[in-house]
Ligand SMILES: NC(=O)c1ccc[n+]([C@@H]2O[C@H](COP(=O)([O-])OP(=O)(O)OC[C@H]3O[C@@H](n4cnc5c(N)ncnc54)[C@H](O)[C@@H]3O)[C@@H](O)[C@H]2O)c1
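Below sits a lone chain in structure tokens, taken as the form predicted alone.
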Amino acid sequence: MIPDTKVVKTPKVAVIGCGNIGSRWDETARQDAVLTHAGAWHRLQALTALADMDPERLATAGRFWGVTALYADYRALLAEVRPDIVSIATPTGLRLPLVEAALASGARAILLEKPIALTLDEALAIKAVCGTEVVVAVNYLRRYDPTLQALAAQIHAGRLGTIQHVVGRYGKGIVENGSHWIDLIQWWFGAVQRVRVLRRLPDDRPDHDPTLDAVLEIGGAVPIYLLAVDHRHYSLFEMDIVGTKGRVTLTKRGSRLQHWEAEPDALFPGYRVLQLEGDLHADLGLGLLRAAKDLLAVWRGEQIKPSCTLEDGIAALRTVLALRETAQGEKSELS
């Protein structure tokens, strides 16, 4: 149940997990960026307590954020602090027991790091324990950017026309990094219905998170080609969307968006060519801050649901696990 905000204006927020995405990146990054859960809630003046199993890491994060409620055991934090909102930034395998403990302590809003679970069964168990009384937002950070939200609205309105194909590039694992790309695809074009794996890239990724070349199908008509790059050379996250009326490209981690529209060719009569209509930028450095604000708006009753819901996180997980299972020669969930 969302609290009566006439009584409670600012929630108590606990961050569980003080590693890179929990706290560390903001301890060393540029000051105008907000790259972590702790940084987002600190900026919103709601950060109340931190938990981490590593005492040195916990102490460093506590000093940096000026937080004195520090716990090596998240269960002690939840029992003593009883936070209103819990940010879970731990390794993926710990998610279900953390969600269960947070709900038992009285928390009714959770910001959950992606991927949301190791298995689909665990993700569905998280959904079951949360029910309809608990709001869960998932940190697929591009979902919260207004520039990319505007692009989603344009795609849904048919501004690009019928989509002819989509090509993307990513690196460092289909589950960890590739799931960001999969989430964008399903946000904009609907659920992936079939997958085909072309190759496993020979990089240093473990078997539970291979980097894969793949073909995805949505509705049996739109081919989507996902191409792997070796992250050991550099990071790459791109997408090229080609429609009958225009084209959109995302580059620079998906932060630069260029939009072309088909217009009559000024040189050759009877032909149409693409002309650049917009060159926009998404600010991924504020992604987690926007995610926290988005969840806070739901907690306060100002918004119906998060911009990236638990169901969205489950959909992304379902597809990336299907890709991994197909690569391993197993029957996938989408078959």
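Residue indices: 1-based, along the sequence shown. This is a predicted model, so every value here is computed, not measured.
The protein also exists as the form predicted together with the named molecule; that form is not presented, and the subsequent description refers to it.
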Practice item. Quick one: find which of 195-203, 244-252, 153-161, 137-145 has residues within 4.5 Å of the named molecule in the predicted bound form by heavy atom distance. Key: 137-145
Review point. The named molecule isn't shown here, but in the predicted bound form which of A61, A292, A51, V34 has a heavy atom within 4.5 Å of it?
Key: A51
Exercise for review: May I ask whether C18, G22 and R95 each come within 4.5 Å of the named molecule in the predicted bound form, counting any non-hydrogen atom?
Suggested key: yes
Check your understanding: Are any of the heavy atoms in E176 no more than 4.5 Å from a heavy atom of the named molecule in the predicted bound form?
Key -> yes
**Study point:** Non-hydrogen atom contact H180 with the named molecule in the predicted bound form at 4.5 angstroms
**Key:** yes
Exercise for review: Using the partner position in the predicted bound form, report whether Y74 sits within 4.5 Å of the named molecule, counting heavy atoms only.
Suggested key: yes
Review point. Does at least one non-hydrogen atom of G106 fall within 4.5 angstroms of the named molecule in the predicted bound form?
Key: no
Study note, to complete from the structure: Checked 73-91 against the named molecule in the predicted bound form; residues with a heavy atom within 4.5 Å, sequence order, are Y74, A89, T90, P91
